[in-house]
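Each of two forms of one protein chain follows alone as structure tokens, named structure 1 and structure 2.
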Structure 1
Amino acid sequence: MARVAIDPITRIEGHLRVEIEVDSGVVKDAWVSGGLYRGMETVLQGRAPADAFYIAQRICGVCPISHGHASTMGSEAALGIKIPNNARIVRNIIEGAEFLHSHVLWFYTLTALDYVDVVSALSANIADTYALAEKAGTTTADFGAIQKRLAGFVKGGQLSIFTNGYWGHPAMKLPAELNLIAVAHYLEALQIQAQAAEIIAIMGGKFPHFMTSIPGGTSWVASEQRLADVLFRWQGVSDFITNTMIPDTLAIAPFYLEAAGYGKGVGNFLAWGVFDDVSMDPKKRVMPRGALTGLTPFDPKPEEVTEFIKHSWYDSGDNLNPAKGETKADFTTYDLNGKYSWVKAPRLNGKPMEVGPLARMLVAYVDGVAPVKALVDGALGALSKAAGKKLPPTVLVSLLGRVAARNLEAKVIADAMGGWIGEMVAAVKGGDSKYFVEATQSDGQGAGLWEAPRGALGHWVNVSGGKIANYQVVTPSTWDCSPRDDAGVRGPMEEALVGTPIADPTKPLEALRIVHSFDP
């Protein structure tokens, strides 16, 4: 038995600690501890609903758009505001740009270094690298120049952000040529994520932290020129996802097929849904609302969400619905049998729920959403070929599936986004000039139930006399990085870590893969 603590977990948003118990090379138990409490819910009390839009998005600098939208939707629900159609389309485009930005950044910048051995790329044969890229159907780059730059860098001896990485680790399986291709695309992805973010800057002022989706609609006004600027950037990002990111995923996956055998997690999935169509019905969103136990669907009811705090550093009511939630910080000590995290333990009808792209894609797949079904079935076909046997959809409930789901979802959203830009162009040409409506009431209670790239997100807002009387947020990482609940049941990430093989407990690379697969 070896007890291993990974703290800090790097390449994530925020502060996380993971402790695992390793026996005979396999994780037997795991604890996930959130390390930061800032008190957003308390800071928002007594302020105007529009202020909450600007402030609450600062919960997360990687998904501020989703928080901003959930906040605004919560205030709109509380105040009975129905936004104009133009505002719906504008918000979809901004939200979509954030999803693409986030998914590209996650795959290439945050998790790639768990699978790609940068140092091994030095021994790649350049001609073979081009041949491999062609065979994999992915884009090429000046592989020779990139390898030379890398060689000079390594020879210089100052490895900067690559210092002390897991180079040469036995769990690194890619051939040198594929490593070099991935390094080239690691660099290119940095440009692509910035291009996606420029769409947000055009329509929202800047990214991260945007300015325009205030309660009532949007303060941005479209013009044909501005939409052309958006279209051009969407095309670049969309091309990269289709011609580089998806082929890269399918080229790398066959070397890590064993990752289909662990990292399953709790097996319950929740999606509030994201990207409204004209009906504004959450079940008709591009990624629809829904929940699953295994692959059996059911309707998630917001009033069945409660948060437990037995293992979290709070001294407030236990098992409360967020509409009546409380947050009172109370650090005691770090004790895995007692309290060990700043994250609360949310449950739906008492059960831990995994949220994120895997949850959304499975909900949409079971729901029969056509583009999702086509992509998932296509990917399963390709993986079945690599595995030499037919793989059923349940194989997706794994580390491999969680990684693949995110990249496939990027393709679904990139395609849908082309449609929204078209809708906006039509609205401008048709002369629809309504972007904003004012609130007519100053009291009420509501929830903005939406999705961040990393999963289901809820902002519960209670407004009284035009000011916020109570505010509660349940983020995707609250769901996924949850500690044990009062019944001692592990959270989704804790559960997914159990059963993971660990080749070298002093370098627990495989555990990092599980953690990163949730994109916390």
Structure 2
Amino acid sequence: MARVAIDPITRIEGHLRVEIEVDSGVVKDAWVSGGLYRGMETVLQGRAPADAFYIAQRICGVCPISHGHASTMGSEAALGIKIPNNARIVRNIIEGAEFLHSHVLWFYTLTALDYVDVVSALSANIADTYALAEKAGTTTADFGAIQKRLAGFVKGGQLSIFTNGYWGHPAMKLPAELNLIAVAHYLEALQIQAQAAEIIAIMGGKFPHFMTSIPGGTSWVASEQRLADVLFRWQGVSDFITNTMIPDTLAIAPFYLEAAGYGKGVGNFLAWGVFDDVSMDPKKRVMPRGALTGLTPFDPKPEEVTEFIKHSWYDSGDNLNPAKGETKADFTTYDLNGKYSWVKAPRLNGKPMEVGPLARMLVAYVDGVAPVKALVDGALGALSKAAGKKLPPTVLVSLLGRVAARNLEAKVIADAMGGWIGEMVAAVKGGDSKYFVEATQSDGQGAGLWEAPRGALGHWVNVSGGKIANYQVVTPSTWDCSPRDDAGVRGPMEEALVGTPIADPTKPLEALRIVHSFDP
């Protein structure tokens, strides 16, 4: 039996250590340790609710939009504010842009290098590469020039942005030509991410930490010219997702069909929902609120959320709902039998819950959301053809499904954004100028239950006398990177690692694939 520690985990936002036990080429046990204490809850105590919008965004440099919105929604719930319809549309567009930025970044920059052997692309036949791209239905580039550029990196003794990878690992299975296509699209994706970020900068003032979704609505007022600027950039990002990202996903997946057999995790899924329609009903969001045990749905309630700290470096109350939660840091030592993480262990009705695109897509699929069903069924059809047998939706509860779900969701959101932009254009032409309302009370308690690209996000806010009396945040990575709870039950990532095949414990690529699939 070999004990392997991967520390730090790279190509993530944050600080993470993963320790695994490997026996006979398979992971038998796993521990996931968050190495960063944030403590933003203590920073926010005693401040005005409006301040939380700006400060809470600093929790994350990749998904600050989601933290800003969840914080604002928590303050609005506490202060009895119902935002105007224009503010709803503006927030959806800004949030959508962040999701697209994050999903493209995740697939090409953070995760693809676990599957794409960059050095192998040097042996690709250029004519065959063009033929493969046409067959796969994905976009082409100057593959010859890119291959020469890559060869220059290698000849110079360094690989530039591609330096850190397990090139030549036996778990890398793509043909050289597909590797070259993926490298070309990696470079193109860097520009696409920038276009998505520009949408946020236009509507939010700047990116990453935007300025406009304040409690009460939005301080951004639309005009036809500004919306034209947004529309232009959305079209570029949307076209890339439809014509490059989705075909790339379906081209790569058949080479890794064995990934449908492991990485299943805890089998419980939670989504608070994201992207409101005019009803503001979280069950009618584009990605609706819901929860699943297996594929059996049930209605999640925020009061059913509790957090355990037996294996976390806190001296807070145990098994508390975030509305009454505490953040009292108490670092002792790294002890896998005791405390080993800054991450708490949240549970819904006592159960660990996986959150993220797979959870959202499964909840929406079971709920019968038409765009989601069409995309998932189409992807299952393509994978079934590659596998030579019909694959059921349950096959998505796996490493393969977790990777595919994020990319398919990008297509759902990109398509929905076109509708929101159209709604905003109609509002401008119709003369609707209401974007903001004032608070009418200074005391109350509320929760902003929303989604970040990484999954279910909650900001619980207690306001007294116009000041924040208590503030608690449960992030997506708190759910997914959870340590064991008081009963010794593993968190979702820990459970997903168990059963993963490892070809070479000194190069645990397969374990990294599981970790990166959660985008921690």
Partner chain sequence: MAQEVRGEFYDLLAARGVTRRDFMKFCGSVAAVIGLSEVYAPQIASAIAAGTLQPALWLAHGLCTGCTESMAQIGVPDVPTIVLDLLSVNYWETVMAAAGTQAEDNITATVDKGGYIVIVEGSVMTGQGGNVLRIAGKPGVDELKEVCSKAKAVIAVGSCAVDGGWVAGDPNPAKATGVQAYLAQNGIKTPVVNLPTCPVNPEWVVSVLVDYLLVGALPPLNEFNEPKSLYSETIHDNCPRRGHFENGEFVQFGSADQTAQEAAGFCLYQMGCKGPQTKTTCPLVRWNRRVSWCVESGSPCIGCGTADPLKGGPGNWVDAGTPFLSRLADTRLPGIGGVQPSTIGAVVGGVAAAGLVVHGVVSASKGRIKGVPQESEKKFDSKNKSSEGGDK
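Start at 1 and count along the sequence of structure 1; that gives the residue numbers used here. Worth saying up front: this structure is predicted, and the values here are computed from it rather than measured. In this text, the rigid core denotes the largest set of C-alpha atoms whose superposition between the two forms falls within 1.5 Å. Residues that one form lacks are left out of the comparison.
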Handout entry: Which of the two shown is the form predicted on its own
Key = 2
Fill in the blank from the handout: Listed in sequence order, the shifted stretches between the two structures (at least 3 consecutive residues, every Cα moved by 2 Å or more, rigid core superposed) come to 158 to 164
